[in-house]
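Taking the form predicted alone, here's one chain by itself in structure tokens.
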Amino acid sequence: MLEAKTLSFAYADRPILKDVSVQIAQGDITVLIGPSGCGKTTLLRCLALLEQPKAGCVQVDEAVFSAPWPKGGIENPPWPRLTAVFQQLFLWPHLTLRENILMPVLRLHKTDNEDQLDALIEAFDMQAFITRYPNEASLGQRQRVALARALMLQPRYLLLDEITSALDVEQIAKILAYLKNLRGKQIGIFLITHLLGFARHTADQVLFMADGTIVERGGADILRNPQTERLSQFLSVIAAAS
């Protein structure tokens, strides 16, 4: 289980997260939705242990990381068992897309695992551009590469921040179908997305965040039958804009 307990976070004196608690189970897909600027990415960064919360703790299986972190940094960090993919993607510009995917796994495991890479190239339709450099690829192509790089590390928990935002409908369907199949490998997925259709049909747990708090949580049915006025308002705005 990946769990955040009563996390609080602030930039300067501005509160971003306010006593947020979430659980991401292995083999489940947890979808986080909410308006822009409500703290979704900050929560993901805290879960990934890349931001230090003001208070609370993050538990990764048996390991507990309580705020504040030690001055020397976190001891025995759980990476890459816990792996995140951000909207910025962070690809190395001097490496080809194929080399970008292979570099972390080569450093960690001293093997390139070509069979797994070839399967991901085929699953994400990357054959035509995999030998290009990042500046020669579209944003959607780079998104697929960043996701493949994370999957090559064989994480137990995978945190994803809008990783389909630049993809067309066909590619989104392929990526999300692949993520659904990861349930069978007991990978816990935490996904920030604006794709409510995916959440309705796939999520084991839906979290709705607003103003730095989890306002409502439950199964995908809360998107059809919201229990709070704030989620109802949010869904109405999304429906009107679509």
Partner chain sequence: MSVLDVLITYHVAFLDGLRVTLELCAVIWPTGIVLGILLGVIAAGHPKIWGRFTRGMAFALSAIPTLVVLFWLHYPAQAVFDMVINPFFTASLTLSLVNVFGVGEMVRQAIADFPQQYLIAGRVCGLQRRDIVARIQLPILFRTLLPGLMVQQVIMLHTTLFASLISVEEIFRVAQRINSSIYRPVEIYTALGCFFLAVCLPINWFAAWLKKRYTRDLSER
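Just so we're clear, the structure is a prediction, and the values are computed from it rather than from any experiment. Positions refer to the first chain, counted from 1.
Same protein, other form: the form predicted in complex with its partner chain, not shown, and the subject of what follows.
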item	value
Among the candidates 174, 45, 217, 183, the residue which, in the predicted bound form, approaches its partner chain to within 4.5 Å (heavy atoms)	45
is_contact(residue 142, its partner chain) in the predicted bound form, heavy atom dist at most 4.5 Å	yes
Its partner chain contact at residue 71 in the predicted bound form, heavy atom, 4.5 Å	no
Contact test in the predicted bound form: residue 91 vs its partner chain, heavy atoms, 4.5 Å	yes
Contact of residue 84 with its partner chain in the predicted bound form (heavy atom, 4.5 Å)	yes
In the predicted bound form, residues of 188-217 near its partner chain [heavy atom within 4.5 Å]	none
